[in-house]
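Presented as structure tokens, the chain that follows is alone, the form predicted on its own.
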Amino acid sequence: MTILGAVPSAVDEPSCYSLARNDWFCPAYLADRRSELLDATVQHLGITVAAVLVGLLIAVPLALLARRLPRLEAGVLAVSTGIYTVPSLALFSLLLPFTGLSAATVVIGLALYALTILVRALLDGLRAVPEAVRESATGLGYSRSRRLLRVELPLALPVVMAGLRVATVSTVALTTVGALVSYGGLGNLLVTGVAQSFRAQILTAAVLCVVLAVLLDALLVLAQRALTPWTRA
């Protein structure tokens, strides 16, 4: 399907996203491509949320292992940081033999990128728990696992949530590179928009990315406020 509309006759006013005008802001484009924009936004949101959740599921045991065995901490941080430096094109190419041209390729790749932020946030959060609090919990008969779940993780939550917010916002931006394998959500619109110099599509996709990042960040802030009421006392 041709992205830019055909040039109308001289009698009619050309559409704002026609070749004749190609405006940056175009209400007609928003109305005509509403379904396409909604599908791209939903795909973008789904990939972002899935990638952050997968990254968190991987980061938690890695952080706990690094905390339990300090000799492994440098190695864990080096590996997670090293993955972040791998170009997305190379990372997706390494995953393609296993996941193919699917959304899983993007989700796994972005989850690996999120590790460098999430692992550090978890370690910093756990370190922020005062030693006196740990000793008090131990003195009250808390086992190691119970102390972690009931005392340390709740107290580490503000720092962990701060890292989660950074990881989520950066993943919203990184999801656009999924356009390399046709699963980039709004990134697909950016790529075709740039290729065809389609201004309305470029600006709309970029603005939607920003709005999505702001909304997800706001939701995480609200979740943090609900989970850590003692920080407002």
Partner chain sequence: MSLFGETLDYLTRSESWLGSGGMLDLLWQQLLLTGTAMVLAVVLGLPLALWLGHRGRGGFAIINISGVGRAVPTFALLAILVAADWPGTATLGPYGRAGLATLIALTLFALPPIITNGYVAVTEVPAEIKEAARGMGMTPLQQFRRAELPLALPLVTAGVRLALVQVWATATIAALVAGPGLGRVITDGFYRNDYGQGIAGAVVVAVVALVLEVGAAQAQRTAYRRTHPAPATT
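The structure displayed is predicted, hence computed values, not measured ones. Positions refer to the first chain, counted from 1.
What comes next is about the form predicted in complex with its partner chain, which is not displayed.
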Contact residue in the model of the complex, chosen from A40, L56, V191, A50 - any heavy atom within 4.5 Å of its partner chain: V191
So which of A28, L45, A173, V60 gets a non-hydrogen atom within 4.5 Å of its partner chain in the model of the complex? A173
Counting only non-hydrogen atoms and a 4.5 angstroms cut-off, does A128 reach its partner chain in the model of the complex? no
Please determine whether T138 contacts its partner chain in the model of the complex, using a 4.5 Å cut-off between heavy atoms. no
Heavy atom of S143 within 4.5 Å of its partner chain in the model of the complex: no
Would A206 sit within 4.5 Å of its partner chain in the model of the complex, counting heavy atoms only? yes
Only one of these stretches, 129-137, 68-76, 95-103, 153-161, has heavy atoms within 4.5 Å of its partner chain in the model of the complex; which one is it? 95-103
Contacts from 195-218 to its partner chain in the model of the complex (any heavy atom within 4.5 Å), listed N to C, are R199, I202, L203, A206, C209, V210, A213
